[in-house]
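Form predicted alone, single chain, as structure tokens, below.
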């Protein structure tokens, strides 16, 4: 795609194009990082990027820039085509979609797929090889079900959704519009519910449901459990990485993001826009407020107010944690000082 064609499409996108310079109007095949890009590749720089000094040495065909005059001048001096946007990273994401258009599998139902009774299939749906769909399910328009997917009975999958190979959707789960479930993820499996008795553990039947709202994406190997009663709900626009465990009865707000190996215990509630970095743990029935950011390996055992940035185990405000962390390496020295003071006082 010519850079001029790409610019035409970006003008209609969300990244807010401000100005551009075509130069030689290069033919772009794909994207690359600034330091590795070739003449047929597009790259980008963000306002806070540490790579700004490398722009003059870049071999990229074109670059997407933030509105900074010194970068614009440097790109013009070396003759590289450029475009200035309010959000270059977003523009780069849009550009990758344009440069690498997604191949959609053919419409229709593969002959090896097995469908139960009373299954409703919408228009322009693709159902791949060895898919199994239980009774009374509904697959919305333009949805894609890749090979090996298993869908239990009474599942609703709304339009424009995509289920990747070998994921499993359990009974009575409800997936909203434009849901993406990646390979080997499991939605609606039984929550971990057992009652202790004198004779061991008695299983609590998990009769609830899972509701995935619209525009949610769930990564490979992640699980969202159904509760004993009621529902587990994932809020609209939430993005979940690989290997994340969402316990039974959890509710998340809209637009949350969870990195790999996050674990959320049963009954926890997350507000809107919560960000959980890798390996964060959220305790049973904890309430995490709106727009909370938890850094990696954070352990959340008590309720967190809105807009907090937290770190550590157990979680404390990030600034306090940084002060504590700065003291960790001095603990042996401080302990020795205390022992010396104690010994001197006793003499």
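A quick note: this is a predicted structure, and the numbers were derived from the prediction, not measured. Positions refer to the first chain, counted from 1.
The form predicted in complex with another copy of the chain is left out here; the points below concern that form.
> Which one of 280, 64, 288, 60 is close to another copy of the chain in the predicted bound form, taking close to mean a heavy atom within 4.5 Å?
So the residue touching another copy of the chain in the predicted bound form, by this definition, is 280.
> Ok, 186, 72, 109, 78: which has a heavy atom sitting within 4.5 Å of another copy of the chain in the predicted bound form?
That would be 186.
> Would you check, heavy atoms only and a 4.5 Å threshold, whether residue 82 touches another copy of the chain in the predicted bound form?
No, residue 82 sits far enough from another copy of the chain in the predicted bound form that none of its heavy atoms falls within 4.5 Å.
> Looking at the partner-bound form in the predicted bound form, is residue 302 within 4.5 Å of another copy of the chain by any heavy atom?
So residue 302 does not count as contacting another copy of the chain.
> Please tell me whether any heavy atom belonging to residue 294 falls inside 4.5 Å of a heavy atom of another copy of the chain, as the geometry stands in the predicted bound form.
Flag for residue 294 set to no.
> Answer for residue 159 alone: is it within 4.5 Å of another copy of the chain in the predicted bound form, judged on heavy atom distances?
Close contact is absent here: in the predicted bound form, residue 159 is far from another copy of the chain, nothing within 4.5 Å, heavy atoms only.
> Which residues, if any, of 129 to 144 lie within 4.5 Å of another copy of the chain in the predicted bound form when only heavy atoms count?
Contacts from 129 to 144: 129, 130, 131, 132.
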